[in-house]
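The chain below stands alone and is given in structure tokens; this is the form predicted on its own.
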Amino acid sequence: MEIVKTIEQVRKVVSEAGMASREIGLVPTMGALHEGHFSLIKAAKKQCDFVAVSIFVNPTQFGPGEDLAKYPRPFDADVKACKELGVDIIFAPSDKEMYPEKNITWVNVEKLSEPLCGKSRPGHFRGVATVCAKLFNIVQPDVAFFGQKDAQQAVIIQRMVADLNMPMEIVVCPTVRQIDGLAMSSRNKYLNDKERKDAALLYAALQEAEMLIGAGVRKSSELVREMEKILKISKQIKVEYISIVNAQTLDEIDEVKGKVLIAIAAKLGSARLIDNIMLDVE
């Protein structure tokens, strides 16, 4: 496994792999790797001949007052995990390597960036789309792998790739959860013991919605109301949103029908957590 820090180096290594007719897979990450990331790497290893993992805490997707400075950066542990999983190359650029000058060119996926997390994190998805476009241009993968936990991000990246005719495939892998249902996230490390216990209520609320839909409930307002009851069990959970949207357009829906995304964002102490489920409702 190689670790490279420059665009020139990663292009050279990946180009040589491509010339050998190897299918290139990319797993873009901000490091602090966990079982969710490992599942993406395993999917990439299964589908592709050559797997690249990027580790880059992208400053352009953090807003003022967000956790850029304290975001976990256990680089040595990440390298060890990647090596054990059979990754071929880690691309770990510096901020200066990715943004040598103040950025004035941005990728903005309109409409899809506005609802859900876009309401409270203006500019976040512009930063995400831009850095992904840069990584795709640098590595030129055949396939890139993302997690369903970041559902809005996945929808945005899929649309960007389609709209800009990028010759690659986006694979979205299932959310990996801990035993009590909490979605794996690098930000789970911010939770204390009490917050960690209460964090499982996010998935419990999503399960409640799924159960109610299975029982025939179709009104979004009723589903949201029942989900709120579960989240209110904890006085520590500060709900940012509970939204039921069309899974492709991310438009709010009054009646649950077809492919829908049920999503939650909430603050628990210093951690902002997100979770969701995707359902195909007849």
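The first residue of the shown sequence is 1; numbering continues from there. The structure displayed is predicted, hence computed values, not measured ones.
A second form of this protein, the form predicted in complex with a small molecule, is not displayed here; the remarks below concern that form.
Contact annotation: of the candidates 149, 134, 159, 121, the single residue with a non-hydrogen atom within 4.5 angstroms of the small molecule in the predicted bound form is 149. For the residues 34, 218, 45, 238, the 4.5 Å heavy atom test against the small molecule in the predicted bound form is passed only by 34. For residue 243, no non-hydrogen atom is located within 4.5 Å of the small molecule in the predicted bound form, even though that partner is not displayed. The shortest heavy atom separation between residue 184 and the small molecule in the predicted bound form is within 4.5 Å. The small molecule is not drawn, but in the predicted bound form it has a heavy atom within 4.5 Å of residue 153. In the predicted bound form, the small molecule lies farther than 4.5 Å from every heavy atom of residue 249. You can rule out all but one of 72-80, 168-176, 94-102, 199-207: in the predicted bound form, only 168-176 has residues with a heavy atom within 4.5 Å of the small molecule.
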